[in-house]
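What follows is a single chain, given as structure tokens, in the form predicted on its own.
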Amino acid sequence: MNFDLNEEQQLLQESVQKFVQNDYDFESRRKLVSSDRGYSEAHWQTFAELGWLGVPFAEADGGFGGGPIETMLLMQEMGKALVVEPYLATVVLFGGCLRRGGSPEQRERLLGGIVAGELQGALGFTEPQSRFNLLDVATQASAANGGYVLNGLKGVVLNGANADQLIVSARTSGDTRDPEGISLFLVDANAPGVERRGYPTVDGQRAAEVRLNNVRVSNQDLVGELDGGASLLQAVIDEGILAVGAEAVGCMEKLVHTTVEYSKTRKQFDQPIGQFQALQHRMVDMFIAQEQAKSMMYLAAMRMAEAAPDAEKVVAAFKVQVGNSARLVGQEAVQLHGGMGQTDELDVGHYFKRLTVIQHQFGDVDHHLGRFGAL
């Protein structure tokens, strides 16, 4: 395997590194989290100007022509600064559905707006009863007058309150958990019958509950094949798993570095606590866990880039490793910082919160262990 980055990948990685180092300090992030929108519109425009919003899209659609490896690099660096701008929701999830299943008209109408930073999207796929099962869809899409009428509730829709456009999963045939009969639809976020209740999440992100009350869409709003949305949705969620997993690796790298540096300055019994062998062993365990997740990240990204037959299984294994590593690294970082590790003023606790959410996002360790065994 060749782990060397090409010139374009190196430039992309360096551009994100410079941005988070120079323009995304922790105090600035805290102000963004407490703002009305929960992120910086100026930063979002910077993302567009630097070409980051077009990374995974084809050049024919105005994008960079990148793939899983480029997304991995970008999200890993963003994880080091806990970036709150809705890149995952708009580019990876919403944009991923359009890139994989959108019609030429849909891609022409919407992808240019995403790349230019003028349009934001969200993907609604979870429901109160579904937990991690993508096939558990109770939202109904009933055929009517050359289109469909949508009724249902979507929960924890990332960026749902700020989005201009939504893509939602709905059942066009079959029972609630049938693998067939799920379709994806484009919905104007301000269309009659769309109710959104936005809220901040524990990790500083934004989500919303989205209720669909007799929302009318046309046949042209269908994304992908009728009744065949499950496979499209799973492929996009796998890309989301790679993205948040890479973000988690960035978070863990930051926590390991921060904890080691802290141990060199914090003193007990007139010597730095980093001199205590027991604590050295715990920090080595943190580093090993982080490196294990990083190795699986590279493997998952390469398998996805190659469209390998075992890519889905490797992604499930990556999510398991991220869950285990994130828990160990996050808990140890908080504990080794002592009481101050739990304070809101220190960034350590915020990284721990984000890692805790990522452990459960798109399926927890138990869910993906079962998925790995079934593939």
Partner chain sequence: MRTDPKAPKKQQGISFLLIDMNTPGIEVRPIITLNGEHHVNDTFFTDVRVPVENLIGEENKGWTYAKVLLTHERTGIARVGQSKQQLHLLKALAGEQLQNGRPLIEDPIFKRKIDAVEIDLMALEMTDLRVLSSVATGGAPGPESSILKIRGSEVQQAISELQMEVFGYYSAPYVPETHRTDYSGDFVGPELASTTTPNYFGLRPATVYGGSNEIQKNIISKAVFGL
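Bear in mind the structure is a predicted one, so any value in this text is a computation, not a measurement. Residue numbers count along the first chain shown, from 1.
This next part talks about the form predicted together with its partner chain, which is not shown.
J.: Decide if the three candidate residues 202, 344 and 353 all line its partner chain in the model of the complex, where lining means a heavy atom within 4.5 Å.
T.: The answer is yes: all three residues contact the partner (heavy atom, 4.5 Å cut-off).
J.: Just to confirm, residue 46 within 4.5 Å of its partner chain in the model of the complex by heavy atoms?
T.: The answer is no: residue 46 has no heavy atom within 4.5 Å of its partner chain.
J.: Considering only heavy atoms, tell me if residue 309 and its partner chain come within 4.5 Å of each other in the model of the complex.
T.: The answer is no: residue 309 has no heavy atom within 4.5 Å of its partner chain.
J.: Spell out, yes or no, whether the shortest heavy atom distance between residue 317 and its partner chain in the model of the complex is within 4.5 Å.
T.: Residue 317: no contact with its partner chain in the model of the complex.
J.: Though only this chain appears here, would residue 193 touch its partner chain in the model of the complex if you measure heavy atom gaps against 4.5 Å?
T.: Looking in the model of the complex, residue contacts with its partner chain do not include residue 193, since no heavy atom lies within 4.5 Å.
J.: I need to confirm a contact call. Of 305, 156, 273, 283, which residue comes within 4.5 Å of its partner chain in the model of the complex, counting heavy atoms only?
T.: If I apply the 4.5 Å criterion carefully, the residue I get is 156.
J.: Check each of 189, 279, 149, 226 and return the one that places a heavy atom within 4.5 angstroms of its partner chain in the model of the complex.
T.: By the 4.5 Å heavy-atom cutoff, the listed residue in contact is 279.
J.: Out of 309-317, 65-73, 345-353, 46-54, where are the residues with a heavy atom within 4.5 Å of its partner chain in the model of the complex?
T.: The contacting stretch is 345-353.
J.: Using a 4.5 Å cut-off on heavy atoms, what residues in 5-23 are near its partner chain in the model of the complex?
T.: Contacts from 5-23: none.
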